[in-house]
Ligand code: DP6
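Consider the single chain below, provided in structure tokens and representing the form predicted alone.
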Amino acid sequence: MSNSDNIASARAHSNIAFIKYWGNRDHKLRLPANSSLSMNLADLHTTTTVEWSYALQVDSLTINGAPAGDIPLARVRRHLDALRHRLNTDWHARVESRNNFPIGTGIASSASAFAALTVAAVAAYGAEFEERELSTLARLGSGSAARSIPAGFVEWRAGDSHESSYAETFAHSNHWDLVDVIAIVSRDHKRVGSSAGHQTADTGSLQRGRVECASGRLRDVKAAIKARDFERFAPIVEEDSNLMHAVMMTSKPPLFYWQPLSLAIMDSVRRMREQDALQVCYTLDAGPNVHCICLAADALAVATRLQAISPKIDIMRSGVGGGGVVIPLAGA
């Protein structure tokens, strides 16, 4: 990128939801069917640089050093349109984005990507928005990106309008020493993305029941996190994950993200907790990879047991992370 006063870089972290976001009440605004709750992941992040220029005729996008395909480029252009509207500009932008973890595999790469894009684009234009508004803007690009703007343990309020659907920190990153030991079953890009899945969430018979009970699960998980009560925390997190995937599997058409190895890992995690007294539970986003949430003291033992299940499993680990922030430009 060239030197310019209209350029900035930002970094945002992926997040793992304990109470899931699945389905929208308003697809255009990405107003979720229920409020959700998550933890930012310190070691999984997207770094994005945005340069606005009056001389550009179109937006451009590179991901991990390569020109983006038509689908991700179109999605970023739509988000830039929303940001242009808020910033009151018709300038186009060059966007360079880099991830340090696999994208499109159920590890919330769109969350960190659109959070970082939002923060960088606003900063590059010289604007300053409150965290709450940045969260609402990031939500327009990817619903879960709303949760990657604040730091630590985050609640995304469903709201009933653009302004009232935002995320906020309810416990800081140093509140509870949890670790996400991610069992990577597949690095392949999923055939059906989350955005498409949200469109069909209401076609099955289970979504209504999942949504009606979500607020109770959120209340209980939030209380467990505040009390650092893993015994209370674990079964609710697993139940919420199972419910979301049950909705996926019974939607029309059905979505099957679990693989045989995913099921083996989930079974092993339950046995680790029940038989080996390890403080660990599982949760899966829209993909086959299994997030094994545990106390930091048990992370090594959990990772060792996971790798013993199959040589095909790769392990990534992360503690609790911060929010979306502007960072110095490379070479500056």
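Note that this is a predicted model, so its numbers are computed, not measured. One rule holds for the numbers: they count along the sequence shown, beginning at 1.
Beyond the structure shown, there is the form predicted together with the ligand, which is absent from this document and is the topic of what follows.
**Report entry** Stretch in contact in the model of the complex with the ligand, which is absent here, among 213-221, 119-127, 195-203, 163-171 (heavy atoms within 4.5 Å)
**Finding:** Looking at the other structure, the answer is 195-203.
Report task. State the residue from S262, Q207, T136, S142 whose non-hydrogen atoms include one within 4.5 Å of the ligand in the model of the complex. Result -> Partner contact (heavy atom, 4.5 Å) among the options: S142.
Query - in the model of the complex, the one of R305, R273, R30, H45 near the ligand [non-hydrogen atom within 4.5 angstroms] - result: Looking at R305, R273, R30, H45 one by one, just R30 meets the 4.5 Å heavy-atom criterion.
**Report entry** Check all three, Y21, R75 and R147, heavy atom within 4.5 Å of the ligand in the model of the complex
**Finding:** Yes.
Query raised in the report: Just to confirm, V320 within 4.5 Å of the ligand in the model of the complex by heavy atoms?
Result: Contact check for V320: no, nothing within 4.5 Å of the ligand in the model of the complex.
Query raised in the report: If you check in the model of the complex, is V247 within 4.5 Å of the ligand, heavy atoms only?
Result: The answer is no: V247 has no heavy atom within 4.5 Å of the ligand.
Requested in this report: Using a 4.5 Å heavy atom cut-off, state whether V269 contacts the ligand in the model of the complex.
Outcome: Result no; V269 lies far from the ligand in the model of the complex.
Query raised in the report: Is there a heavy atom of S251 lying 4.5 Å or less from a heavy atom of the ligand in the model of the complex?
Result: S251 lies outside the contact set for the ligand.
Query - Those residues of 272-293 which, in the model of the complex, come within 4.5 Å of the ligand by heavy atom - result: Those in contact are D285, A286.
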